[in-house]
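A single chain, nothing else alongside it, follows as structure tokens in the form predicted alone.
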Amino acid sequence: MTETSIERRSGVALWRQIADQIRQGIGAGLGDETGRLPTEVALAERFGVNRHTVRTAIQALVQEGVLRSEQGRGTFVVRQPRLSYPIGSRTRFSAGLEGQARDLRGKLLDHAYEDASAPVAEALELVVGAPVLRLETMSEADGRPISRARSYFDAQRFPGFERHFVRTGSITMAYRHFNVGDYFRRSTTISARHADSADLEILKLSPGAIVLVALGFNVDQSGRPIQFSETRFSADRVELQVGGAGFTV
């Protein structure tokens, strides 16, 4: 991590670039044995900026939970290990994080019945314009938001699915009302992106944060598509473990 990695004419705010560099430096062992970062003065010299710019970057990472500031002592790395979330042929939120968090919750943020777009219709093997249910959900582990998802379901096969999700807080449990006792992940595609405005608000991230985006297709036991979803994970809080065939990055 050096000052030459900061680009003044890139169109990206200097404080955001510095926040990204600090975030990367943490993974490379930035900080002393107690996790304390170099002083604001030292970081300002390293990046060739003023202390206010460094302070803004640090405040953003404190808000995100990556750093903590202690009056009179300095700024420290929050030593909280990432949750390990397995993505395989039977991906399940609660089962995947079992033993890593005490309290796991799924929350419904929004839902709507709408006409299937071409990509959604293709994923669910429906005709374009067929009625589908869109669910906007957020998952928490011990009170920390770790992911948000947009999922689509065949509205004719799963009418009122949102009510069963609200009642149970679980996609898996909601499926059982419709006699889907088991289901499988047909494929997953994973990419990394900067958080968008909705990620910042829902996942409580700071600008410049990275999210891992998993595009997934689920099928029932007969191989019939039942869910098409895009799930966005906070990369600072979750690492994805991918296994099995049908998964691409």
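Remember, it's a predicted structure, so these values are computed and weren't measured experimentally. Each form is matched to the other, and the largest set of C-alpha atoms that superpose within 1.5 Å is called the rigid core. Sequential numbering from 1, following the sequence displayed.
What comes next is about the form predicted in complex with the DNA, which is not displayed.
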{"property": "The single option of Gln63, Ser191, Asn50, Ser197 touching the DNA in the predicted complex, heavy atom within 4.5 Å", "result": "Asn50"}
{"property": "Option touching the DNA, based on a heavy atom within 4.5 Å in the predicted complex, out of Arg79, Arg163, Arg176, Arg73", "result": "Arg73"}
{"property": "Candidate stretches 40 to 48, 214 to 222, 178 to 186, 198 to 206 - the one whose heavy atoms come within 4.5 Å of the DNA in the predicted complex", "result": "40 to 48"}
{"property": "Touches the DNA in the predicted complex: Trp15 (any heavy atom, 4.5 Å)", "result": "yes"}
{"property": "Whether Arg8, Arg36 and Ser69 all lie within 4.5 angstroms of the DNA in the predicted complex by heavy atom", "result": "yes"}
{"property": "Interface residues of 118 to 138 toward the DNA, as seen in the predicted complex [heavy atoms, 4.5 Å]", "result": "none"}
{"property": "Core fit, then Arg224 C-alpha moves 2 Å or more between this form and the one not shown", "result": "no"}
{"property": "Per-residue C-alpha change between this form and the one not shown, Arg73, threshold 2 Å, rigid core fit", "result": "yes"}
{"property": "Core-superposed comparison between this form and the one not shown, Ala42 Cα displacement 2 Å or beyond", "result": "yes"}
